[in-house]
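Take a look at this single chain, the form predicted on its own, given in structure tokens.
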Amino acid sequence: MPVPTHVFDPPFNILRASHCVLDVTDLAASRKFYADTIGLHVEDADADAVYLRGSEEHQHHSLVLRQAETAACNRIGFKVATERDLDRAVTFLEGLRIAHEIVTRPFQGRTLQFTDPFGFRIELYAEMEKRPHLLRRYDLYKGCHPQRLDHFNVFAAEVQDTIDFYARLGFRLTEYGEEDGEGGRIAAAWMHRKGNVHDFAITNGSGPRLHHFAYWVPTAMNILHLCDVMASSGYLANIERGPGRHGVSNAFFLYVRDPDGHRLEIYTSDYNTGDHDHAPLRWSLKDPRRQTLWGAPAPRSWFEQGSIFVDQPVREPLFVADVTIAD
């Protein structure tokens, strides 16, 4: 069956999506975009990297911008519960003969880095330096008032195998798009660890590539305000899609592109999935509401473009679905 069985005793305990590490070609331009326009808070910076976070986050960073010659996604990061879970993750990777290493990252401490069997560059950690809560520092709010990093969405060439791998790690399916008829294949899956719709969405397509990473904001008005901010600060052309509402996740959304073309979703209005027996919602690929409950149709760029992962060749998908889906 294409729908995976939920695993409630995974080999190690991933808590949630934590942070994204992006390679950018103009560090100053990217910092200006994410801090002054989007509204993330700069915690530390030097000539090589900028570390940012949302106002609700106690952790030191949820976005790292790194100066590089080529724009790419360097890593996506997940937080695990304890240092012992890092050791368990090492044992799990050794059992599958997946290359890995323990490194020390700035402000992050002991970090396990590996590339999964499908080309996604992952890092896991248990402890990150803490910073004062900024939720009530309204004097520091800018842009759309981003609160916290919510999820990643990726293009996967081997979508079913990728879904099954992360299901083994305890990611639970909340919604999925599937072909109609007997033998219908899953074209996209939304999977979570923290009890909302998703920490990690996996979409059939040329991959491995990052489709987008997303920050959660308090209300739809924050998203509408960002449209005004971008239109009046020279970034109108960087608005790629929205505002609108997805059927999948019920999200009120806006998709924007940063100076290097990395895609960021501003996101709100999803729902709780914490019950252990929460049943996943199936969407037919022929149902247009899954992508757009209302709003303008997505441009071709939204279906076709994404950020490459460093040093990972992009492969064509194993199958082409009836209808392209990415969300």
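Residue indices: 1-based, along the sequence shown. Predicted model, so just to flag it, every value in this text is computed and none were measured.
One more form of this protein exists, namely the form predicted together with another copy of the chain; it is left out here, but the text below deals with it.
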Given that the partner is absent here, state which listed stretch (23 to 31, 258 to 266, 293 to 301, 40 to 48) has heavy atoms within 4.5 Å of another copy of the chain in the model of the complex. 293 to 301
Counting only non-hydrogen atoms and a 4.5 Å threshold, tell me whether 136, 147 and 275 all contact another copy of the chain in the model of the complex. yes
Do residue 182 and another copy of the chain come within 4.5 Å of each other in the model of the complex, heavy atoms counted? no
Please run the contact check for residue 219 against another copy of the chain in the model of the complex: heavy atoms, 4.5 angstroms, yes or no? yes
Check residue 249 for me: does it contact another copy of the chain in the model of the complex (non-hydrogen atoms, 4.5 angstroms)? yes
Using a 4.5 angstroms cut-off on non-hydrogen atoms, would residue 58 count as touching another copy of the chain in the model of the complex? yes
With another copy of the chain left out of view, choose which of 93, 186, 227, 71 has a non-hydrogen atom within 4.5 angstroms of it in the model of the complex. 227
Partner contacts in the model of the complex for 230 to 254 (non-hydrogen atom within 4.5 angstroms of another copy of the chain): 231, 232, 233, 236, 239, 243, 245, 247, 248, 249, 250, 252
